[in-house]
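In structure tokens, one chain follows: the form predicted alone.
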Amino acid sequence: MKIVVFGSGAIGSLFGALLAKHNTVVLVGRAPHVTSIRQKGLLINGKTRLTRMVPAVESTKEISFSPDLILLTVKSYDTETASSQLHPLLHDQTMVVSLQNGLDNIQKIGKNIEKKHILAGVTTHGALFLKPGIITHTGKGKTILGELNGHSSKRLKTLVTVFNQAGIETQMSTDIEREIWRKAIINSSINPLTGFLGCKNGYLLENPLLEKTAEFVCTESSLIVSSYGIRVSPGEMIEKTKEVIQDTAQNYSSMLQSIQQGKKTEIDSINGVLLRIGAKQKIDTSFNRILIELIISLYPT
């Protein structure tokens, strides 16, 4: 399969390196990272250890083929700009898969790309951008892919097979929208707390006060999502959130990484969306509002 990974940060680079074993992969990323990969290859350490010589470019204009798959891994606030650059690469069968944090990526992609091209996914893999050309795989997780209409299509089955053959444990979902909402609830409970405190995910369960706070946030976010018509249980989501914290105990959340790098965070596409839905549905949003204010105090969005 011919694959373009657009947004080759930590997760994008990790998935690109793994997929490159059996597929033709081109990474699209920022200049320092691209330059290092061209000179020395892409080094993955941690839970996965490999060095992959994989083509890397700074612009889609440098790609000479029409890909079967475009894996979109940019930050949520860059989604609309990124998707507007993909048109020259598309052919009728090209799949554009959003593997991103946040609740508004599909809508943003849909402004520039026909819905027939779009699929979505979520992953619990943890990765750290150590420095240009070097990614640390901090925690192995699971990946779920799905069609927006819930169908178990032939192309979806092929995509899941390609991911599994690359060593990326992947399942197929017939309700990927619900998986995206579930992940957003988890992210809303973990990322802002770790981002503000500057701690690894696991610390949230080591400190009783933080564990209880994460539970309160998770409950509030679950009630907001339920009011929107997505079937979730607060108790189940608390259990799932703690499971993710345990599985990614040594990880630094993507929000914390953004803060440490002086970059804009994805708080508006996670807690911000929940806040707006809660306000419209007249659901209490106190915890999400506080977390947004805390993150903005560190790095104004």
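Don't overthink the numbering: it's just position in the shown sequence, from 1. Predicted model only: the values in this text are computed from it and were never measured.
From this point on, the text means the form predicted together with a small molecule, which you will not see here.
In the predicted bound form, at least one heavy atom of residue 78 sits within 4.5 Å of the small molecule. In the predicted bound form, no heavy atom of residue 173 sits within 4.5 Å of the small molecule.
For the chain shown alone, residue 18 is not a contact residue for the small molecule in the predicted bound form, no non-hydrogen atom being within 4.5 angstroms. Taking the partner from the other structure, the small molecule in the predicted bound form has a heavy atom within 4.5 Å of a heavy atom of residue 73.
Note that among 226 to 234, 199 to 207, 156 to 164, 119 to 127, the stretch whose heavy atoms approach the small molecule to within 4.5 Å in the predicted bound form is 119 to 127.
Taking 94, 85, 213, 143 one by one, only a single residue has any non-hydrogen atom within 4.5 Å of the small molecule in the predicted bound form, and it is 85.
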